[in-house]
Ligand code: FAD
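Have a look below at one chain only, the form predicted on its own, in structure tokens format.
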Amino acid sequence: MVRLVLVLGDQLTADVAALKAADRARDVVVMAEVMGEGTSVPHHPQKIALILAAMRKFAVALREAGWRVAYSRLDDAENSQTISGELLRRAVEFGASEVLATKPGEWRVLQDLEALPVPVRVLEDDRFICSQAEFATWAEGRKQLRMEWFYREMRRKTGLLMEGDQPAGGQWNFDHDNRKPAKADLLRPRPGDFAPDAVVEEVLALVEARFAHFGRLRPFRWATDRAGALQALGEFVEERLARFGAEQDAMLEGEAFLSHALISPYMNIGLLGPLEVCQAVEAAWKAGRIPIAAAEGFIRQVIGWREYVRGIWALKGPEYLEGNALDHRRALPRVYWGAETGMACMKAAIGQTRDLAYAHHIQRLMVTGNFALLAGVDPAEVHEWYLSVYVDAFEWVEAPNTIGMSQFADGGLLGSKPYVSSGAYIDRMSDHCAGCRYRVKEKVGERACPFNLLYWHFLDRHRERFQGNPRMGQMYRVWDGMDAGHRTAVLAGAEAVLGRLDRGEVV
């Protein structure tokens, strides 16, 4: 009997579990571009275009490798516009007895598959270094799931940057050599763009016609096949990796990319594997082309943080998406959808998000995420925004980063304290404040940085929860040491900022 082999838009590799379990002599690969996925949240047009173009090219590669592929284009007249609908249509067409599927990276899609009236065998997505069972075993019985300890286990498992059973360079973590402010540098190499070919141009026209979501579609700069993804990886390793560690947390006006890799979209849709990426970075260090701090800082993000958040997503299940430990209920401010703002850091982060479907992790965590947390925005709305607007955002990686790390909505599972800061952090790590309408050094008044006002407001309203936190006690002592009149003025200023947000006014 024929089986259907489902390949989703973020599973574009011949090594995906469902393909490895299939028989190309008899089974049929099903791939489908559907409005149901394109509009599950208002995905950035560049994200939609990347996935559709990469799917089309991967389908060609599968056919060339001898697979029979039933491919549904978005504008096909018979397209049911849902994954489930296309599987049912193809099951009737080919008389299929079963569906083979690799576990999706969204609980919603998995639940849809499990509800199908035909047998579905869901296989674990083994493209990750740590299996779900392995992570669950590691997590069992631990009071705190510290990423650092998990990361060390992954170093030992992979052998990356290891000398026997000891870390290369004599230490596990080189953060003290990394995460420095950056200076404007005309010699900083910019990531190359990939000119759209005929397949991409056809997809861009389709996306323009079908989706009116937040974000600019053109210029479109992304690679859409494995060859391009490998080229992007090689370019990063040769041209920018040496500076990655030092600059990974920095922000500069007019510098969207700095020394970041820009390969997470390719890893997350399957064009690159996490181990091959890390091995390329390790090889550059072994060859003496980059410092160990740069190699370690990058590898930690992949085999440490990336694997860790995927483990949390799988361990906690769909209920994790509903977390709201701080009971934040404010609607997402209009500035996140491009409304005018006087805050230079927010303008830069959201502007490049609109134009590029990209912002690096500190822009996401310490600018847009920090502001949402300080302002008390509903984490479900924050989660949907991040899932929508970034080209590399898929639920398994985005949700723990947003709900856990960014918004503390999981009550501290991922982090022992909220990632909140005043404007001082942004001033230290960027040059945004110099050209801002607000004054980062001013603590009260109309020109006071909103981050300063909202930071103390956040601490004050959540005092009962956080004043006993060892990592936050010092800040409460600073707050308590301020003049009572000054504290009153700060809280009044914060309320004024929140009032403008609620009324949709410019902040």
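Everything quoted here is computed from the prediction, not taken from an experiment. Residue numbers here begin at 1 and follow the sequence given.
In what follows, reference is made to the form predicted in complex with the ligand, a form of this protein that is not presented.
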Item to check | One stretch from 122 to 130, 67 to 75, 305 to 313, 96 to 104 that, in the model of the complex, holds residues within 4.5 Å of the ligand by heavy atom | outcome: 305 to 313
Item to check | Single option in L87, A359, I290, L271 placed near the ligand in the model of the complex, where near means a heavy atom within 4.5 Å | outcome: A359
Next on the checklist: I need to confirm a contact call. Of V109, A280, V199, V397, which residue comes within 4.5 Å of the ligand in the model of the complex, counting heavy atoms only?
Outcome noted: V397
Checklist entry - Could you tell me if T353 has a non-hydrogen atom within 4.5 Å of the ligand in the model of the complex? => result no
Item to check | L332, heavy atom within 4.5 angstroms of the ligand in the model of the complex | outcome: no
Checklist entry - Do L365 and the ligand share at least one heavy atom pair within 4.5 Å in the model of the complex? => result yes
Checklist entry - Hey, in the model of the complex, does Q301 get a heavy atom within 4.5 angstroms of the ligand? => result yes
Next on the checklist: Residue by residue through 264 to 296, which ones have a non-hydrogen atom no more than 4.5 angstroms from the ligand in the model of the complex?
Outcome noted: S264, M267, N268
